[in-house]
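Just the one chain here, the form predicted alone, laid out as structure tokens.
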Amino acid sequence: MTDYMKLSAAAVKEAQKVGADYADARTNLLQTESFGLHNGALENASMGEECGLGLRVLVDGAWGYAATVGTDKSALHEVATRAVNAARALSGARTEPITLSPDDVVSGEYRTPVQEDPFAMSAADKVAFLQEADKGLQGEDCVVARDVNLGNRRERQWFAASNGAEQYQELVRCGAGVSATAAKNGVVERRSFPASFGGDYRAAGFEHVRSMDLVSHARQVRDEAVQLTTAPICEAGTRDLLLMGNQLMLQIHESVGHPNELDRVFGHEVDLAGASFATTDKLGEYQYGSDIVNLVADSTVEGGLDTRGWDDDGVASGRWHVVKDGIFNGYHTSREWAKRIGESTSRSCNRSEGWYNPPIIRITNLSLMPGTWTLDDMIADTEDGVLCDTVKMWSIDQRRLNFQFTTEIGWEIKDGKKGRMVRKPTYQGNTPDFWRSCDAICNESHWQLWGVPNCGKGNPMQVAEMSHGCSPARFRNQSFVV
């Protein structure tokens, strides 16, 4: 047993001594680093490491939580006392006692498969890698901003629970991206690869970043940014919408992932990010999408940012349908929330940001399963549509029902042929109507897993990471606005 695991186990025992009915503790060691070039110059270089312990207790049917920075065993009595006192104070305000589902919480270890350790590379080598990618963005006078980013993260966690379970996890993720901003004749447009807002991330080592081939793709990013400055704005009207993966993954996140976090459904997010239209009376009956729509949550899928051994309840990772053949089929749950809908086991979705926060229900890796089409055939089958790619901006209402999305780039489709480029394609709609209109999904050869490293939820805000897989898909008769 490592010293970190001994610390977690000692915190649990101390909590039991001072009155906890149940306790679990997480000692967490986090390493992060990020590098960013702007117009070829190093604009950002940061490396950080933090370590601490979080202790969660159940007393008289109420939760209590307390945390401490570092690994000082002498602080455990004070932390345990604070957690237990918090639970006792809150027990008078609860409407009914918290009871946990009887999931097995067992011991074990899990590590992200890594071929090339990103933390073993020197900072100089990482910067040189980004400088090489930046060369592909150069060569056009109207490109006023060139950005290349890289981010690495490694989290080690030692979990102990009052049933004697001990779990160790080491989670590693890497990601990178490039973007170019062009300005011409009063028009400013940006293109990104492989995704906007810093790039794409995956649970893997630096081999993932190398596989992106940023240098060659940077040239296309540069050229498309320039072309967008003279492209017409996408016209308003009703047309078919074809979504590429980087935009479709955000649609999955906002209109499927967040609405089926069960704590949100019961009002625990109303004060910050809203409620949900996907109320419990709809479970098992509601037509969420067309019959070809299958959305699967999976915290075991290779490369997912939420692929792990267990959640922060200590429950093993798993896989289930959120939407099956178009029907609403399942929520994201935890040991606390599963019983609210009559389920005896948790979906293993309870996670926290770091040692300093208590766990809350978070979206796991959630993906649209592939269909049977090729992208070329889907385009050829479309008489009047717009092919949209790469997230630019979006909004969605408090119930995750009405939305508007704008992508970085689009192309008109007329009579089965991909035509002229258009800028600022913006579509709006209603979540169930949108998913019910899906009539074509590309096959497995087009399927890709996209990382979301910055999902915010909770009050105080917590940031979580997850991935969404999808192939390009078509949605009939969507409303485009200017």
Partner chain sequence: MALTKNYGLGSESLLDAATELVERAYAQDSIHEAEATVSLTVNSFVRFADTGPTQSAERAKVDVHLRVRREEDGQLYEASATGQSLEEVAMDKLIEQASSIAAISPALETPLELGGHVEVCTGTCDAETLTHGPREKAAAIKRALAAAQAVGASPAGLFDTTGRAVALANTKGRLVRNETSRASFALTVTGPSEGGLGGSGWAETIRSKVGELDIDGTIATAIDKAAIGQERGAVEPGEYTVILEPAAVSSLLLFASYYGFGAKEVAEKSSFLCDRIGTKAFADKLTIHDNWDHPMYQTCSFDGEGSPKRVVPLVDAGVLQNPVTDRRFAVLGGGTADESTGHGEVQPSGDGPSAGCLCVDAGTTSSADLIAGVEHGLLITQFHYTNLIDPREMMLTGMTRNGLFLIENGRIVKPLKNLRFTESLLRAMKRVTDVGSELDISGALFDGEVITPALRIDGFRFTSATDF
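Just so you know, these numbers come straight off a predicted model, no measurement behind them. Residue numbers count along the first chain shown, from 1.
A second form of this protein, the form predicted together with the partner chain, is not displayed here; the remarks below concern that form.
Interface segment, criterion being heavy atoms within 4.5 Å of the partner chain in the model of the complex, picked from 298-306, 214-222, 381-389, 356-364 = One stretch meets the cut-off, namely 356-364.
Flag Arg153 as yes or no: does it have a non-hydrogen atom within 4.5 angstroms of any non-hydrogen atom of the partner chain in the model of the complex?
-> No, Arg153 is distant from the partner.
Classify Ser179 as contacting or not contacting the partner chain in the model of the complex by the rule of any non-hydrogen atom within 4.5 angstroms, answering yes or no.
-> Ser179: no contact with the partner chain in the model of the complex.
Spell out, yes or no, whether the shortest heavy atom distance between Phe35 and the partner chain in the model of the complex is within 4.5 Å.
-> Judged by the heavy-atom cut-off of 4.5 Å, Phe35 is in contact with the partner chain in the model of the complex.
Answer yes if any heavy atom of Glu444 is within 4.5 Å of a heavy atom of the partner chain in the model of the complex; otherwise answer no.
-> Outside the cut-off, so no.
Of these, Lys324, His208, Arg400, Arg239, which has a heavy atom no more than 4.5 Å from the partner chain in the model of the complex?
-> Among Lys324, His208, Arg400, Arg239, a heavy atom within 4.5 Å of the partner chain in the model of the complex occurs only for Arg400.
In the model of the complex, residues of 267-288 near the partner chain [heavy atom within 4.5 Å] = Result: Gly267, His268, Glu269, Val270, Asp271, Leu272, Ala273, Gly274, Ala275, Ser276, Thr279.
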